[in-house]
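Below sits a lone chain in structure tokens, taken as the form predicted alone.
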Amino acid sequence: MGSYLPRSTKVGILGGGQLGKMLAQEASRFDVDLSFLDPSASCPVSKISPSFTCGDFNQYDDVLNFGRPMNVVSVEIEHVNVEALRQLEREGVRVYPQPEVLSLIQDKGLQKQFYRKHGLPTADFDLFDGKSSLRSAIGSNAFDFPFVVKLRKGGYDGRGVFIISRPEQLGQVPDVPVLVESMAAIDKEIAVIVARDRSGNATAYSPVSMEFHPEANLVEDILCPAEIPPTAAESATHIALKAAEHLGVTGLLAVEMFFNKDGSLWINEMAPRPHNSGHLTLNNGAASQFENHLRILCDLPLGSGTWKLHSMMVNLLGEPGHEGLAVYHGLDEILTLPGVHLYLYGKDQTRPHRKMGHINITGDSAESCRQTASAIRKKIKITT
């Protein structure tokens, strides 16, 4: 029988946003010694963690100085200084996910090449150094309209993604390295999160469906189980496990996919960290994604990723036309609804479509969850 000595492993996390806050809340259950680095002194983690350092996770020296006292360093955001993490590894600090995994994930072009190399299904794509080479390809009819352009680096939550239906729309694309991929005939967007430990043991969470906000192009609702055929769910799980294995990742890997109208599955992109699509695991009977992330960092056995309750997540977004101190309307009414679990992220300032929190809904059917979600949308608003 193994032994567990609480707080014996010093764990450092780069990033102190809402993912870090939820990680800290789960860490208190295991009495894990968790420290955070974030450039914002008012980030969500700063309000609850006594071990918060204000510093830039994109700056080499800040990451190096923060990580040196730690036994393990991890992330809640993938856009961090990888060279500093490589140096920490050389100095004996364990880094999960590994720096080479983060380096690949930071570049959507490298991601696509990874899928192609390992036979993982994805959209047809081409890579371009900048706008001039892209224009030349369009002029030679290299691909058909419409198509999708994605910045290779820096994009997230829908930022850095452009749907191009005619040549003049290229003006909105920055002159930086991009990838171009064919449009998918999407039936559902889904995600599978894999937890993979230091020994290569892996468990996959049940696939979920994702529904996106039509203007902000970020996830608005998540539904578990995913609204796809059982055979497609099995295939999606297999693809996600295969991706994690080929990547060799230690930690969490969220694999976002398109379930297309012809029944095919394409990987869209991956994230090696806790993910918006996994928030349901806090309440639906699985070991939460945050708990499994901590188990991996502390070298503890993995928990189950299987749901026991139908569940739905509703993102709470800032109202259009409002920017300033956040005021929440309708909370008193929605908290009387059955199966409602509220998570506010602790962001003082709201702005249009900013993620301010989420609500998990649990019930005995997908329909009951949707009915509750509909009632929530009518009542809750986040304004100034």
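Please read all numbers here as calculations on a predicted model, not as lab measurements. So that there is no doubt, residue numbering starts at 1 and follows the sequence shown.
Absent from the display: the form predicted together with another copy of the chain. The rest refers to it.
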Within 4.5 Å, heavy atoms only: does residue 68 come near another copy of the chain in the model of the complex? no
Looking in the model of the complex, any heavy atom of residue 132 within 4.5 Å of another copy of the chain? no
Does another copy of the chain get within 4.5 angstroms of any non-hydrogen atom of residue 321 in the model of the complex? no
Can you tell me if residue 31 lies within 4.5 angstroms of another copy of the chain in the model of the complex, counting non-hydrogen atoms only? yes
If we test each of 300, 210, 149, 271 for a heavy atom within 4.5 Å of another copy of the chain in the model of the complex, the one that passes is 300
Another copy of the chain in the model of the complex reached by all of 128, 367 and 374, non-hydrogen atom within 4.5 Å: no
So if I measure heavy atom distances to another copy of the chain in the model of the complex, which of the stretches 138 to 146, 228 to 236, 305 to 313, 245 to 253 falls within 4.5 Å? 305 to 313
Listed by sequence position, which residues of 40 to 69 have a non-hydrogen atom within 4.5 angstroms of another copy of the chain in the model of the complex? 47, 48, 49, 50
